[in-house]
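Here's a solo chain for you in structure tokens, the form predicted alone.
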């Protein structure tokens, strides 16, 4: 497959019966990741296009693990005649296409980039993040836990190469980058009509209205809302949540922007060889804040508060943005029934 640069862009659409043909063409040059379903919906590497699940909304598991795996080897060591030898596991660059990302997924990648490619660049994340094409899709309807409208809506302004919106027999196509301009030159796209554009707008407005109806909260005034949450550090809500929270860490692990990790050495019995790994960690876990002197966040309510602050106060102080996308995954997996949307509503209203 050879990409050819386009000079102009018109309104475009692609027939649904040509999607697999389009993805097959991309797959000739790129590794393809797309949603699959096997009890749990998640992004996986696609070998057979028939395994792709065309979902009406986001996946259960985010695409974070593609770039930031739950368990990742850094390097291996082995004792040799000249001392210890190191073998780095820094992966080679993989050219990849992610198909089926939603607005919350794309926003989460921008937040992860902020932490992992910003002031301190993580080479292991960087290798996986480079050379990535993102093809996003508008949701057909929201999940009950979704509240992306609190952060500006379900369709991001940027961060994607192509964006598809279901308009019936076709997807309306928005181009978001120079790479996207090259992709539309492959011959699978056709000119869209003004009526197609109206269908796209109606579809997005309908879904957006439903999310806003359920959400009933607006966090777009970032500085003001963050300050309101910060003022309530001693609010009774933290004690209430601390009494029911199990501190299991499920909300952290399913969150598309949580990025805390622990580094561990796994040696052989005699220490002659072994490897160093990175594994996901959670600020909800008791051991997270434990030091040789003391555990400075041993109370459950303190850990609950820290997690909320780490999404809505600390990143605003440091970067001017929230570290939440309103995907609602944390609410869905919480065994204690804690609804982050309701917590935020109580904090800012």
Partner chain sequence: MRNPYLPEVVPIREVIEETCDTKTFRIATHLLFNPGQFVELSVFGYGEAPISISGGGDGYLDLTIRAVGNVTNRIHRMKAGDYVGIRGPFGNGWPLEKAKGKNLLIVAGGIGLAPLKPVVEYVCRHREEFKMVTLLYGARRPSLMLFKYKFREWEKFMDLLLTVDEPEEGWKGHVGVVTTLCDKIKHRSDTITLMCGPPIMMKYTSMVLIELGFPPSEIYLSLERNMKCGIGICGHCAVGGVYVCRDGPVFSLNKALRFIEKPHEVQGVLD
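Because the structure is a prediction, the values reported are computed rather than measured. Numbering follows the first chain given and starts at 1.
Below, we turn to the form predicted in complex with the partner chain, even though it does not appear here.
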Exercise. Just one of 49, 53, 321, 302 has a heavy atom within 4.5 angstroms of the partner chain in the predicted complex, so which one?
Worked result: 302
Problem set entry | the partner chain in the predicted complex: contacted by all of 88, 233 and 288, heavy atom 4.5 Å | yes
For this session: Considering only heavy atoms, tell me if residue 191 and the partner chain come within 4.5 Å of each other in the predicted complex.
Result: no
For this session: Give a yes/no on whether residue 204 approaches the partner chain to within 4.5 Å in the predicted complex, heavy atoms considered.
Result: no
Problem set entry | Contact of residue 119 with the partner chain in the predicted complex (heavy atom, 4.5 Å) | yes
For this session: Mark residue 164 yes when one of its heavy atoms lies within 4.5 Å of a heavy atom of the partner chain in the predicted complex, and no otherwise.
Result: no
Exercise. Pick from 131-139, 92-100, 148-156, 72-80: which stretch has a heavy atom within 4.5 Å of the partner chain in the predicted complex?
Worked result: 72-80
Problem set entry | the partner chain in the predicted complex - contacting residues of 305-340, heavy atom within 4.5 Å | 305, 306, 309, 314, 317, 318, 319
